[in-house]
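In structure tokens, one chain follows: the form predicted alone.
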Amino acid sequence: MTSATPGAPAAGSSAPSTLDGGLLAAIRGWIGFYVTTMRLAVTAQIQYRVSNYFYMIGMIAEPVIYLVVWSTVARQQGGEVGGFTPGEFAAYYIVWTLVRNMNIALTPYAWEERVRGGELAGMLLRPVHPIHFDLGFLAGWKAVVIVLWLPLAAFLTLIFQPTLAIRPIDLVVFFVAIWGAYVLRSMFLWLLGLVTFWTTRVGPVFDIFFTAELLLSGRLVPLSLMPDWAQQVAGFLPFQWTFGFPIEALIGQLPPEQLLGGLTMQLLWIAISATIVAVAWRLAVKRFSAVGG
């Protein structure tokens, strides 16, 4: 029978507990970072309540036009088109206004300013990856957006009388999906922003991305109204998981298996895009250092 070395931890006890303690400390640290960053964003955006409100009102013009057009088409087609009645179109585009605002992320044009203005050099000195600050700050801004959106949604509801069939599972999935959509879209826009390390004109690249997103995400029209070939192409791309899926999840258009499948696809694309961003960031920073030297 062997004796334990004096002062040594018993096998299988202290080491795992130390690892667990380190993991919990890391998790608490990241939660604290995001909470603090979001709180800063809320404080900052409250100072600009009026400008934020007018910005949101301006954004409502787009879905209202879509809503009026497709509701009229549905009435002319006997009360339904593409599986949507006028009331369901109203529900789709009213939820669209919230999803659109929740999907706002850092645009590639902001990266042009960061590189040209020298802000990026300071960001590289921070102990955390810059994407965490962008995700946290804009997530905090969403809290202000939701509060400002509620009266606008009530006003649109009174005018257009949406038809909703919301189940408890729809609410749960929508809550998860709306944040998954925000993270996924942020990753792709961040990736586009890194293009500025290789070119000073990111606008044309962003325009191509925006056009594809507009047509294949459910942002312009529900995907069920698109041609079959467009729906098949959309199935291989990430865009529908940032717009169409969260909207249809809330308005009761999807069965439970499609709800869970949609969340799985969001998670898959987040993992893919995050991996690409990590690789592209390393390459971009090396290029930035080389230019600076």
Partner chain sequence: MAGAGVNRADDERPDAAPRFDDRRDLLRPLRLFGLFFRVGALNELQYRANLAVQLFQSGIALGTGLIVLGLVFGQTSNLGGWSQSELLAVMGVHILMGGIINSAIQPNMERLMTDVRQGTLDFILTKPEDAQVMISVREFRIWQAVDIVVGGIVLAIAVSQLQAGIGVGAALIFALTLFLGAVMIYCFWLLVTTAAFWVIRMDELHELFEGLYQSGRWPVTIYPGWLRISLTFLVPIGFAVTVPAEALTSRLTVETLALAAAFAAVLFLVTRWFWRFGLRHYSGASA
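Residue numbers count along the first chain shown, from 1. Computed from a predicted model, the values in this text were never measured in an experiment.
What follows is about the form predicted together with the partner chain, which we do not show.
**Q** Can you pick out, from Met226, Met265, Leu259, Val42, the residue that has a heavy atom within 4.5 Å of the partner chain in the predicted complex?
**A** It is Met226.
**Q** Consider the chain as shown here, without its partner, and state which of Pro204, Gly117, Pro168, Pro151 has a heavy atom within 4.5 Å of the partner chain in the predicted complex.
**A** That would be Pro204.
**Q** Please state whether every one of the three residues Gln47, Thr157 and Ile178 places a non-hydrogen atom within 4.5 angstroms of the partner chain in the predicted complex.
**A** Result no, not one residue of the spot touches the partner chain.
**Q** With the partner chain left out here, work out from 130-138, 182-190, 208-216, 93-101 which stretch has heavy atoms within 4.5 Å of it in the predicted complex.
**A** In short, 208-216.
**Q** Is there any non-hydrogen atom of Ile65 lying within 4.5 Å of the partner chain in the predicted complex?
**A** Residue-level check for Ile65: yes, a contact with the partner chain.
**Q** For Ile57, is any heavy atom within 4.5 Å of the partner chain in the predicted complex, or not?
**A** Flag for Ile57 set to yes.
**Q** How about Ala121: is it within 4.5 Å of the partner chain in the predicted complex, going by heavy atoms?
**A** No, Ala121 stays farther than 4.5 Å from the partner chain in the predicted complex.
**Q** Is it the case that Leu237, even though its partner is missing from this view, gets within 4.5 Å of the partner chain in the predicted complex, heavy atoms only?
**A** Because no heavy atom of Leu237 falls inside 4.5 Å of the partner chain in the predicted complex, the answer is no.
**Q** Heavy atom within 4.5 Å of the partner chain in the predicted complex: which residues of 70-84 meet that condition, in order?
**A** Stretch hits, in order: Trp70, Thr72, Val73, Gln76, Gln77, Val81.
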